[in-house]
Structure formats: structure tokens, C-alpha cells
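Taking the form predicted on its own, here's one chain by itself in C-alpha cells.
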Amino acid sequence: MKFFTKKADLPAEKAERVPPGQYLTEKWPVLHYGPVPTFNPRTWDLRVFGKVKNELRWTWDEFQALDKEMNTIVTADMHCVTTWSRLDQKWEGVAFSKIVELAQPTEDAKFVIAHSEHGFTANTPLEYCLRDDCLIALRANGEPLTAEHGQPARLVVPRLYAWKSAKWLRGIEFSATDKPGFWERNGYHNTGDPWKEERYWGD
């Protein structure tokens, strides 16, 4: 079975949605470093902190209630730095704009630092998170996130390579200064724009 399709072999309407150097896949590859965390709904929480007027914390039940109240659906293409792209990925969860509304970042907040299980972090310029396609996703393609894909919640920043869409999310920090995360400290590009092929430092 053919899992990957070269951009040159795609119909024009699909090819124009695939960034340079990428292949199209119908599958959803699993890529991560280290063990997959175990989700415990009794102990899970999500914090919002840093350069904000209102620090926030939700338990799993509270965040589910916020999701039901403010459910957002985003259909967006997904691009991995390892060269695969997946079109029309459907995400559901809480719009990042809702987090901004509740936390009220201060004027000097310029970056979002996603904090995940096992101490992993990923840094993103705030401007990308303020766009209407950014959310904290609890479901993908109509089903709850699986453990391998970030259960129970992941930040989704569709306009950047997928490692910026941090799995196993536990905290959102608004920061005045940039703080390169795990992958950035290990050679990946600090911004990660797939249309500019910003894969690694120096690109």
C-alpha cells in the first residue's frame, strides 16, 4: 500500500496546499521522544501563567466544561518537519482566543511557551497563537485524542511545523522573552514555518 505521495504526483488543487519538501500522507504518523505519558483525569490540570493579568488553573472536569461551553472546530492542514503532510485534519477544543480573553496577557507578552508532561516545552511567537485557527485540542477527527497523539490535550498551531503543536499539554506561559524548547535546543528551527522550510537552525 502506498502511504506517501510526492507533491509532483498530486492534483494541482492539493499540490498547492503542500509546502516544499513535503509528501502527502493519508495516515497520521506517530512521532515523539521518550515514553508516552499516562493520563489521570483525577490529577491532570492546566495552568496559564506568566505575563498575564489573571493566572488560571483548570482541573480536567473544569476544562471539559469550558470545552462544552466554548467548543471550537478547526479544519487545517498539518505539516511535520520529518516531511509528511496531512490535509484537512479536524480539531476540536477550546480556541486559544478564549485563553487570551480570560488570562489577559500584558503588553509585554510576546511569546507563548507550551509546557507539557516530562518537562517538555515548545516556544511560539504570540502572533501565531492569536490567529483564529489556533486552539487547545481535545479531539481529532471526531474522536478524543489518543495517548500517542497527546491525550488529553495538545496545543495546535496549524501554520507551523507540527512539533510546535505540543502534545500532553499542562501549561501555557505568556513570556516577554523567547525560551527555545526541547526540539529547538536540539537543532530544530526556532520558528518552524513550513512554507519557508524552517526545519533546522541555519535554514
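Numbering starts at 1 and follows the sequence shown. Being a predicted model, the structure only gives us computed values, none of them experimental.
One more form of this protein should be noted, the form predicted together with a small molecule, which is absent from this view; the next part is about it.
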Checklist entry - Heavy atom within 4.5 Å of the small molecule in the predicted bound form: which of 74, 78, 102, 126? => result 78
Next on the checklist: Which residue, 159, 149, 51, 139, is the contact with the small molecule in the predicted bound form, using a 4.5 Å heavy atom cutoff?
Outcome noted: 149
Next on the checklist: Given the stretches 57-65, 40-48, 24-32, 172-180, which is the single one in contact with the small molecule in the predicted bound form, using a heavy atom cutoff of 4.5 Å?
Outcome noted: 24-32
Checklist entry - Does at least one non-hydrogen atom of residue 84 fall within 4.5 angstroms of the small molecule in the predicted bound form? => result yes
Item to check | 4.5 angstroms heavy atom contact with the small molecule in the predicted bound form for residue 166 | outcome: yes
Checklist entry - How about residue 120: is it within 4.5 Å of the small molecule in the predicted bound form, going by heavy atoms? => result yes
Next on the checklist: So in the predicted bound form, is the small molecule close enough to residue 116 to count as touching (4.5 Å, heavy atoms)?
Outcome noted: yes
